[in-house]
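Okay, here we've got a single chain as C-alpha cells, the form predicted on its own, with questions on binding and movement later.
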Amino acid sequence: MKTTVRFAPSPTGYLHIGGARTAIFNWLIAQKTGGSFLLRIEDTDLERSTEESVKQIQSSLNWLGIYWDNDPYFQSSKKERHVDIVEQLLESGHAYRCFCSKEELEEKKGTAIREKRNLFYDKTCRHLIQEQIDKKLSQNSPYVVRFKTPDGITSYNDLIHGQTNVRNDTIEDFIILRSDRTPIYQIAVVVDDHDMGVNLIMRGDDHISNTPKQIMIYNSLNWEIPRFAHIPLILGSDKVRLSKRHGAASIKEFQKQGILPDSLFNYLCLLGWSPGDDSEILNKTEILQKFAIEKINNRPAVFDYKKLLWMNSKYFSELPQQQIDRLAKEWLFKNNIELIDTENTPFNFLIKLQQQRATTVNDFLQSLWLFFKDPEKYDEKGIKKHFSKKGSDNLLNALLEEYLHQDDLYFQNIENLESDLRALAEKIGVSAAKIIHPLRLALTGKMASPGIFEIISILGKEKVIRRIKNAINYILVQNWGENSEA
C-alpha cells in the first residue's frame, strides 16, 4: 500500500532531534512503500513563527538527506478553508457557538474546583435555542466555536501502542475556532491531512490526547480516517524529556559540533526502533530494507551522547580520502595557513592518523594544529604526573642529546625512533614509558595522541627539538628540575 505521510513542524525555532526522528521515520515509510513524504509548515502562530525557522527546518532536513515531495504546504494559507469547514460543522449540528465570556468561564472553573468536579466546560451554550443565538449574534456578542463531543467511546488501532479506547465523556466540548475567527489546531490539522491525502499520521506520542478529538471530527465530516502511529518520546539520561539543558537538542547544534549527517541519521533511527538483530552501523539502504513500524518500541528511548560520538567516529573513519582532504584544505584556508600539498607529506600523514582517532569533524580539524603550533599550555593532569616529578627534566635532556646529533632523515624512520628510545631508557635505567609520557606532553601538550613515534616523524627534527627545549625550560621555571626541593 502506497503511504502518504507528512511531517508538520511549527517554525518557531530550530528542528529538535525528536522532530527530526519523526521526519526520518515518516520519510522511511514513504520510501519503503513508494508513497509520498509531504512537508507541512504549521505557521498559524504568527507571533512566534519566523522565516528563519522555516529555512532552518528545511536545511536541517536536507542535511540529513531528507527531501519532500511537492512544495511545502503552509498551514496559514489555508485559514479560509479551515473556517469553511467549521461553518459546515455548525450547519450540521456537530459544533455550536459559545458566547461565555472569560469572566464567566473563570467563575464556572472556580465553582467546579469548590465542588471538586472536573474543570470541563459545562456546555451552557450547547443548549441555547436558536432565538437566543440569533439575539447574541444581533448584539455582536463575541463567541468561540466548540465541537460537540458525542457520547460513547472513540476507538482506534495505534500501530505502535495497539488498540486504544477512549471514553468520550473524558473529553470536553473543545474549541475549534477562536473568537477572532482563527482556527484551532484540532480542526486545522484534520482539514489539512484530509486535503493533502495523508493516510498515515506518524507523530510523537505527546499527540495521543489529540487523536480521539481528531477522529471525532473525521467522523462528523464523513471523511476517511487515516491510520495513526504515535512514537514514544526521546528522554535524557535523567529520564526526563530531552531538552536544551541536556546539551545539544537541535540538528543545527549537532552540525556545529561536527556530527556527520549519516551517523546522526543512523543513531536517531535506533532511538526507539530495532532492526531485529544486533546491527548498529547501518547505511540508509540497509535501514530502508529493515525498517517497519511494527519494530518501533512503545516505550521512550534514552538519548546516549557517548553512543552517538562512538557511532560518529566510526562514520568519520570511513570518510573517503577526497572528502578528508577537502576538509583539511578548507581548514587551512579558513586559518590563513599557506596551502600545503596534502600528497606524500608529513601533514598528510597526520591527516590520516587523526581521521582514525577523531570523534567529530571539529575534533579532527582542531587536531591539525598539532602540526603548526607548539603547545601553548600543557594538560594539568599531565603536568602533575610527568613534569612536576623531581628529575623529569633529565629524562627529556637525555633524549634531547640523542636527537641533536641526528639528521633530518633519521626522524622519518619510525622503527629506528622506537628502538633507539627504548635503548636509551634501558641505558639510563628507566622504563620506556618514563620517557614516552613526558615526551608526548612536551610535543603535543596532551596526555593522549597518536603513536608518539608517528608524531615525531610528522613534526620533524626542528619542531621536535624546539618543543622538547620548551618543555625543559617550563620545568626549570617551575623549579621542578633535578636540584629543586620538589
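When you see a residue number, it is the position in the sequence shown, counting from 1. Note that the coordinates shown come from a computational prediction; the quantities given were computed from them, not determined experimentally.
Keep in mind that the form predicted in complex with a small molecule is missing from the display, and what follows is about it.
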Name the stretch: of 183-191, 106-114, 133-141, 294-302, exactly one has residues whose heavy atoms fall within 4.5 Å of the small molecule in the predicted bound form.
183-191
Even though the small molecule is not shown here, does S10 get within 4.5 Å of it in the predicted bound form, heavy atoms only?
yes
My question is simply whether R357 lines the interface with the small molecule in the predicted bound form - judged by any non-hydrogen atom within 4.5 Å.
no
Consider K78 of the chain shown here, and say whether it contacts the small molecule in the predicted bound form, taking contact as heavy atoms within 4.5 Å.
no
4.5 Å heavy atom contact, H207 and the small molecule in the predicted bound form:
yes
Counting non-hydrogen atoms within 4.5 angstroms of the small molecule in the predicted bound form, say which of H94, H82, R97, R203 makes the cut.
R203
